[in-house]
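The chain below stands alone and is given as structure tokens, in the form predicted alone.
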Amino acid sequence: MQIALEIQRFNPETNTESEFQTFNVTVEPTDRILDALMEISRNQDGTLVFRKSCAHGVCGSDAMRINGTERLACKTLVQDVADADGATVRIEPLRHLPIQRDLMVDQSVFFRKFRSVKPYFVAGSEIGEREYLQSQADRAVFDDATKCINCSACYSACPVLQKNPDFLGPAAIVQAARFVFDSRDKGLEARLDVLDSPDGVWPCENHFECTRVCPREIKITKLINLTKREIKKYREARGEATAEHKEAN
């Protein structure tokens, strides 16, 4: 079958605004959108810029908007987004991040927010002589959060970032949750300056868009709400107010 890929193009050296360019490609319904993009890059226009790496849905580098929805190009089949011969598929870069060129965005802000939540194990004051043991049940509590591949799809899909670009964003909160709910980790207090702030967890409005687009099917909104609950529990135990309560008053 033949489809038309309507791709958003932008070159900061020659353009002041983005524009769409259409490429016709011959594909099989079971080909991936990434295959179609590679066909264009190899045989039609070698200047087309997009990220890719593993091509197996593990690295998250080829996240983009396909027909208005955040997806991984390597996991999206042609038949998923084109229902007939001659169909048009629109390809756009992720939102809420500066476009570097064509479909490649600058993820500096995304990873700055990611690093701000201390996405690593924080040990307690007492360091034992043996490894930190954990039951299977305790491991299961945060298992979902370990699946994140930092593709930024949830960040792009989040409606809150449209009106509040300083919002920490769903991906960073998921990374925080991975350790906040780790029974061995003692770093909640160290993460509160970021998480329990006006731009931390509280701006989330439960739109569930992040959960819908996650290529790893992480229950992102649930993890955000569980983190909010954990922060409230921590503050209440100390007779303190959360940033949400302070803002309301």
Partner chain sequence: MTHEFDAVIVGAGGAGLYAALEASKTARTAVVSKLYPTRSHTGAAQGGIGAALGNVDQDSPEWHAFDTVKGGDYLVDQQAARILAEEAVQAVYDLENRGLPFSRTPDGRIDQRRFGGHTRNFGEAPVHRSCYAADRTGNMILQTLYQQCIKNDVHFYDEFQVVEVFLDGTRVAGVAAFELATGEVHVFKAKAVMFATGGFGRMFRITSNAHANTGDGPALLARVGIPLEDMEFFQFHPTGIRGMGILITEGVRGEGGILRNSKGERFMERYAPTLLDLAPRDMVSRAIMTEVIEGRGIRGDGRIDDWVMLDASHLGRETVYAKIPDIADFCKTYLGVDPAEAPMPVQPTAHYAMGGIPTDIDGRVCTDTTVYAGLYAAGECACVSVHGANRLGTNSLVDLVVYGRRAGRHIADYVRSADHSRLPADAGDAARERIATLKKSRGPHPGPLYERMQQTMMARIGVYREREQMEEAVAEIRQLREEFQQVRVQDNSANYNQEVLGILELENLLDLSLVTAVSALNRTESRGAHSRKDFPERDDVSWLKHTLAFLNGSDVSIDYKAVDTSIWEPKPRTY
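Quantities reported herein were computed from a predicted structural model and do not represent experimental measurements. Numbering follows the first chain given and starts at 1.
Keep in mind that the form predicted in complex with its partner chain is missing from the display, and what follows is about it.
Asks: Looking in the predicted complex, any heavy atom of R130 within 4.5 Å of its partner chain?
Replies: Contact check for R130: yes, within 4.5 Å of its partner chain in the predicted complex.
Asks: Is there a heavy atom of D166 lying 4.5 Å or less from a heavy atom of its partner chain in the predicted complex?
Replies: Flag for D166 set to no.
Asks: Is there a non-hydrogen atom of R178 within 4.5 angstroms of a non-hydrogen atom of its partner chain in the predicted complex?
Replies: Close contact exists here: in the predicted complex, R178 approaches its partner chain to within 4.5 Å, heavy atoms only.
Asks: Verify the contact flag for N24: yes if a non-hydrogen atom of it lies within 4.5 Å of a non-hydrogen atom of its partner chain in the predicted complex, no if not.
Replies: Although its partner chain is absent here, N24 would stay clear of it in the predicted complex, with no heavy atoms inside 4.5 Å.
Asks: So which of C59, V194, C204, I66 reaches within 4.5 angstroms of its partner chain in the predicted complex, heavy atom to heavy atom?
Replies: The residue in contact is C59.
Asks: Using a 4.5 Å heavy atom cut-off, which residue among I91, V174, C158, C74 comes into contact with its partner chain in the predicted complex?
Replies: Flagged contact: C74.
Asks: What residues of 10-35, in sequence order, lie within 4.5 Å of its partner chain in the predicted complex by heavy atom?
Replies: Residues within 4.5 Å: N11, P12, E13, T30, R32, L34.
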